[in-house]
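Coming up is one lone chain in structure tokens, specifically the form predicted alone.
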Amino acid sequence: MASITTNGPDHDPVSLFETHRTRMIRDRMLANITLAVLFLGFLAWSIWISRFTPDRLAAGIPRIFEYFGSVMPSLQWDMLFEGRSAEGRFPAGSVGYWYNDFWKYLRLIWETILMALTATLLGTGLAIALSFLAARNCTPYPWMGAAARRFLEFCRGVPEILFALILVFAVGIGPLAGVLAITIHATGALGKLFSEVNENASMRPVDGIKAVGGSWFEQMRYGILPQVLPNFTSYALWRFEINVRASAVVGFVGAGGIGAELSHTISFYSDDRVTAVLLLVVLTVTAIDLLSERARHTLIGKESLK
């Protein structure tokens, strides 16, 4: 009986490897070209839809400077630090005249910070609870994990200002609507981040607790939480920065904070009061961002040394 040879070119291991390698390179190149064409096509489509053209930019950018030029304060060096007159008013051209409502602005900025702090605390607590249900390696039931993930997607998918519009109608004008709106959105955003941190945690402590009869809550509390708590804290501080900015924005629809005063000055005035409020908002947000960033870096640095 004739023997079957396997040493031909069709069965040579080197030839098979080179053929397979060539096919993989060709398929990858074809996939990259297809993705590049799709990307360029969608990019051109988005430019056409948004009318992102050089002539519109050239015509619009100068108007931005025109607007800020119209709301810049009319300060005068000879009047810059003048005090109140006998009638109790600051003279035009002085810093006091520019910031005549300074203490009102300061009170509203403090209200904005408290709104952001309250929303961050509430959102972080809800996000921690939901993150253990949403994480695929932690959820007790698959259907519960899917429901938690869909809920978090809804919370972060709707902008804070839209939640604020609905809640202003429900609970009335004021900080409560803003706090609730930001809490809902922060819960969705932090819940996603926290669940991803949970999925990267080691399951060995969980298996040990489970082996000695620990409940699901005890597995999460003593097996997962100690591992992920530093990251949770870092993300919560980062979210606080975002919530401060969001608190200023939701005020435009009557949800409290300095945003309401900024909306009022933009809508009813075209003078230096807009710049006065905007400058305080920018300085406040910048200061909180720097402090929060430093706190995050300090926390991460300490944990990395352990």
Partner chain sequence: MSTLTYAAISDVDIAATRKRHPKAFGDPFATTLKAASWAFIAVYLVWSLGFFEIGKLLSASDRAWALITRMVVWQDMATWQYYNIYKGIAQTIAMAFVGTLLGTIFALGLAFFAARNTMPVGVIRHAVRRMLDVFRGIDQVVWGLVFVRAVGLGPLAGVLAIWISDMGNLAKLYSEAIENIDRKQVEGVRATGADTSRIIRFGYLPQILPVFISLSLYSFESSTRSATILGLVGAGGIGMIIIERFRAGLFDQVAFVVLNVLVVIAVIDWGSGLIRKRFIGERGH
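Model, not experiment: these values are computed from the prediction. We call the rigid core the largest set of C-alpha positions that still match within 1.5 Å between the two forms. Residue numbers count along the first chain shown, from 1.
Another form exists, predicted together with the partner chain; not displayed. Remarks below refer to it.
Chemist: May I ask whether S46, L165 and L278 all come within 4.5 angstroms of the partner chain in the predicted bound form, judged by heavy atoms?
Modeler: Affirmative, all three are within 4.5 Å.
Chemist: Is L30 near the partner chain? Define near as a heavy atom within 4.5 Å, in the predicted bound form.
Modeler: Heavy-atom contact with the partner chain at 4.5 Å: absent for L30.
Chemist: When the contact criterion is heavy atoms within 4.5 Å, does T139 count as touching the partner chain in the predicted bound form?
Modeler: T139: no, not in contact with the partner chain in the predicted bound form.
Chemist: Within a 4.5 Å heavy atom cut-off, is R63 in contact with the partner chain in the predicted bound form?
Modeler: Although the partner chain is absent here, R63 would touch it in the predicted bound form, with heavy atoms inside 4.5 Å.
Chemist: Any chance V282 has a heavy atom within 4.5 Å of the partner chain in the predicted bound form?
Modeler: Yes - in the predicted bound form, heavy atoms of V282 and the partner chain come within 4.5 Å of each other.
Chemist: Using a 4.5 Å cut on heavy atoms, which of I173, V95, M72, L106 is close to the partner chain in the predicted bound form?
Modeler: Looking at I173, V95, M72, L106 one by one, just I173 meets the 4.5 Å heavy-atom criterion.
Chemist: Here the chain is shown alone; which of A129, A147, L114, M79 has a heavy atom within 4.5 Å of the partner chain in the predicted bound form?
Modeler: Among A129, A147, L114, M79, a heavy atom within 4.5 Å of the partner chain in the predicted bound form occurs only for L114.
Chemist: So which of 98-106, 139-147, 193-201, 154-162 is the stretch with heavy atoms within 4.5 Å of the partner chain in the predicted bound form?
Modeler: Single hit among the candidates: 154-162.
Chemist: Since the partner is left out here, which residues of 180-201 would have a heavy atom within 4.5 Å of the partner chain in the predicted bound form?
Modeler: Contacting residue: only L180.
Chemist: Is there a C-alpha shift of 2 Å or more at I47 between this form and the one not shown once the rigid core is superposed?
Modeler: Shift of 2 Å or more: yes.
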